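Two versions of one and the same chain are coming, encoded as structure tokens; call them structure 1 and structure 2.
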Structure 1
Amino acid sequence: MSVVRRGALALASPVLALLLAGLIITVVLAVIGDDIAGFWSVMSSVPEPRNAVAMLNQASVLYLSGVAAAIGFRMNLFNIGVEGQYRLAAFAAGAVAGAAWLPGYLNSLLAVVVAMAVGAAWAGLAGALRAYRGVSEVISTIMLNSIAGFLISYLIVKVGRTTGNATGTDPMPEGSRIGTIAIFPDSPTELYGLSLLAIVVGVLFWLVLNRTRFGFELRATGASDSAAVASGVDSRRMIVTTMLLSGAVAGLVGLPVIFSSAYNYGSSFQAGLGFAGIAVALLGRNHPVGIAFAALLFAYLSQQANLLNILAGISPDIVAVAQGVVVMSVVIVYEVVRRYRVRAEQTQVASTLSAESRAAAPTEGAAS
């Protein structure tokens, strides 16, 4: 198959998936009797500057969550525990930053390291259970999500403080807070300083996957575990290391909000980013660039959802349905395109072999 044809198929897949998702959402709106024109008018409008910045803030944390999930997915490990890993890591970072054991940004750096270590350790438990006891990482990470939630609820009462109706860790000192970046001069909303972690993590993810031996072994094991083991790859070590890396990245998910907005971990800290990251990774096909577009799409849908009820009288919950439909459409379309590509390659190979056999037949006849 030619390079141009491969590129056309790669471009057609996401376009067809989005068209299919749009068609399904339109049908759903028609069935429930909502304003279809109003929905698409709101969803296709250009965000205001403050909404655009909020979208970038949300996209950055979704990207980190998506990369955390994608690291495991590239090796056929389903780290469903990103939710528990990032929440437990965020609590640890908030507690350490609030304790202010070190001055200034050294305190911030310590909190970041602790968050990555906690996330890695929590994911490493599931990795060790899979590698040495054969326990499915899907089951263990789901259970660890629940344990993390109860553990945070217990610890936040023990080490936190209650202010009004909210309970949280001690606020970090001003010298440890990471500032925001003004993108639009008239926007009251500014970009989280630690949102830039998404760019750093994305570049490192690409480099590790494509320019290191570990990345090659990870991709090889994900493509064929038996072939990788036969070539000398230590599958147990790869499982544990991959889960540790996935958990370490998950530990970064909550930090932009903590260090640039909330300044502590509280009972109202945003949940659900881990599960959203799984959808973002699937939508982005576990590729650093694809995950970026998926995170921006999910963040855009979430921001525009706030305007649906105001401008179109439509419940913003329909956006959650839209996000699920987008992921489902991507899975369906990519599988259809993959099968078409495989069939086209098989046809091309068969045609080439047939042409070679026909060309060889006269030569063999003359020789006889």
Structure 2
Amino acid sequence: MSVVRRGALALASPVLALLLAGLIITVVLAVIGDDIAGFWSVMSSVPEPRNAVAMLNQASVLYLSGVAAAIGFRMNLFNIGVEGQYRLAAFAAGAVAGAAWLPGYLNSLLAVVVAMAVGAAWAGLAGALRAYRGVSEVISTIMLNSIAGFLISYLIVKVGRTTGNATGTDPMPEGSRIGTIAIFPDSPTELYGLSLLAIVVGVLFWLVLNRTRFGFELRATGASDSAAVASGVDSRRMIVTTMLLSGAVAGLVGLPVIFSSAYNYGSSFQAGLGFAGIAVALLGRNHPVGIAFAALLFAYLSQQANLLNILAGISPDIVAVAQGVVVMSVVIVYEVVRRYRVRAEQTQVASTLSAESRAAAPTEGAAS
């Protein structure tokens, strides 16, 4: 297959997937009887600067969550527990930062380390159960999600405070808060300082995956478990280490919001980012760059949902449907394109072979 054709196919997959998703959403809107033209004009409108910043903020936490999920996925570990890991870690970070045992940024640093440790420990539980007791990590992480919720509710009563109808951890001191970055001069929203963690984590993820022995073993185990074991990979150790890493990254998910906006862990903390991260990782094909595009797309969709509701009178829930449809169409289209490519390659090989054998035929015939 020519290079041009190969490149066209690679580009065709995401484009086709988005077209298919758009088509399905249009059909869904038509069936419900919603305003299709309104939907598309709102969704394609250029966001205001403040929305653009909000999208970047949301994309950065989705990216962290996506990478946390992708680390496990690369070796076929389905860590559904990112949800519980990041919530518990965010709560721990909020509690530690609020307690203010250390001055200034030392306090923030401690809170970040605690968050990563808590996330890693919560994921490590599931990893150890899988490695040493053979418990499926799918089951154990789902259960740990639920336990995390109860644990937070229990602990928040012990260490938190109630203001009006809300409960939360104590607000952290001014000196431990992390500033925001103004991207546009007169936008009321600014980029969270810790959003930059997403870039750091992305680069590290790529480096570890492609430039270290651990990354190689991780990819090898994902590609073929038995082949990896045969070539000397200690699969138990791999499972535990991978879950610890995945959990540590999950621990970062809640931090940009806590340190730059909410200043505590409270009632209005966003849940559901862990599950969204699974979809983002799949959409980004578990690739550091792919996940970034997926996170941006999901953040874009959820921001525009607001306008959709107010300007076009369409329920914002349609956007959750849209996100699901995008994930499905990406998987379907990639599979179709992959099969097409395999078949094209086979045809090509076959025709080359038959041409060669035809060229060789006269001599063969003479010999027999």
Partner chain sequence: MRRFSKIAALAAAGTLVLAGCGGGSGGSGGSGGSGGDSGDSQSAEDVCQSQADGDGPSIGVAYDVGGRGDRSFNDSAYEGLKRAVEELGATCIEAVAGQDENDNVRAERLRTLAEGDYDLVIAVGFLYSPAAAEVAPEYAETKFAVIDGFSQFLVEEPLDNLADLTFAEEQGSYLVGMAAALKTESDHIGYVGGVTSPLIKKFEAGYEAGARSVTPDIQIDVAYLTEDQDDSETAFANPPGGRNAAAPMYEDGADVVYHAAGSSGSGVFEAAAAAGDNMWAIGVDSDQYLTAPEDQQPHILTSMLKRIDTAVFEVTESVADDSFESGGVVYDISVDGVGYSTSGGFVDDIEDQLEEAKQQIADGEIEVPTEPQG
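What we label the rigid core is the largest C-alpha set whose atoms superpose within 1.5 Å from one form to the other. For residue numbers, the reference is structure 1: its sequence is counted from 1. Given the structure is predicted, the values throughout are model-derived calculations rather than measurements.
Source of structure 2: the form predicted in complex with the partner chain. CA movement of S354 between structure 1 and structure 2 equals 4.7 Å, with the two forms superposed on the rigid core.
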